[in-house]
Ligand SMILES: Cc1ncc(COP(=O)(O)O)c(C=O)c1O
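First comes one chain, alone, set out as structure tokens in the form predicted on its own.
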């Protein structure tokens, strides 16, 4: 009988994951515009977050900074981009983080403290959930977009109250009820934080984001967002008033204790920010309407009005089978399962991009129509 190894319990955990159809593995591929090539197979890519599909811009490769921004990594290019992002969000200042995930971790855990109360939407992204846990504040989860539940929970006494929501929810593709949230939060004197990773640069006038779309820009106290979704570059940022940014520089661990983004990535973001985003935004809106309308006509139940279109399957194995069918027929859409979404709410999460042509969308709809009798 073979002796047991002290890490054998990991095999048991992996077996449990496989048994529940929740096992994940990395697929190596190469993207090119509307397509991705995996193991030599060219597929139509319907799960990219490069929503605007801004054409490639040329940047000059510079020496890597290899240090924290508080040491020697604070390249002067940061100043230009942070000023532009602050203006973009109508705020006094902004601060760039290596990723949007790290921005959430660093900002929320720095500003919320013991004696405070955080109200977080139940469908908020994992980075928000983890950042709330890192803070010493009391955390209360309110039902998704449920103003009655939010209003009730805001009655609890606390030194400071924070309401945190996404602008566009990453897995359901629906908008946050920002107009109502700001009204309810203002009455309770609560600080409003919006993670607009999936709405920034994509919706609102000049791509200013979800709060702009709902005309509540001035009512949002902190914006947290990503440079790697609509802008198609890399990094994350927070935009707020000067004292919030100053506090993050002094307290935010995911800002202080990590190397700065290479300056060529900052230049890349700046060039994409200054590009003709409006042209790409209109193309994305057109593609979203065309694909959503086509899926509805086939018979799929579509509850999203944004560029994130989930097709809810329910059963995890069925979702995996659906994804495999699409893959075999030349369309790449990853099945999304627990814990990213609740159990038995597995889905195919379609991301529409401006990369797609009319012919691409027609081809995708042909495959989805072929799949409908099998997976509806």
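Residue numbers count along the first chain shown, from 1. Keep in mind the model is a prediction, meaning the values are calculated, not measured.
FYI, the form predicted together with this ligand isn't displayed, but the following is about it.
Between the options 213, 101, 273, 175, the residue in contact with this ligand in the model of the complex by a heavy atom within 4.5 angstroms is 101. Among 125, 91, 208, 281, the residue placing a heavy atom within 4.5 Å of this ligand in the model of the complex is 125. Shown alone, this chain has one stretch from 106-114, 131-139, 220-228, 253-261 that lies within 4.5 Å of this ligand in the model of the complex by heavy atoms: 220-228. Contact annotation: residue 235 falls within 4.5 Å of this ligand in the model of the complex, judged by heavy atom distances.
For the chain shown alone, residue 182 is not a contact residue for this ligand in the model of the complex, no non-hydrogen atom being within 4.5 angstroms. This ligand in the model of the complex comes within 4.5 Å of no heavy atom belonging to residue 292.
This ligand is not drawn, but in the model of the complex it has a heavy atom within 4.5 Å of residue 170. In the model of the complex, the residues of 193-207 lying within 4.5 Å of this ligand by at least one heavy atom are, in order, 195, 197, 198.
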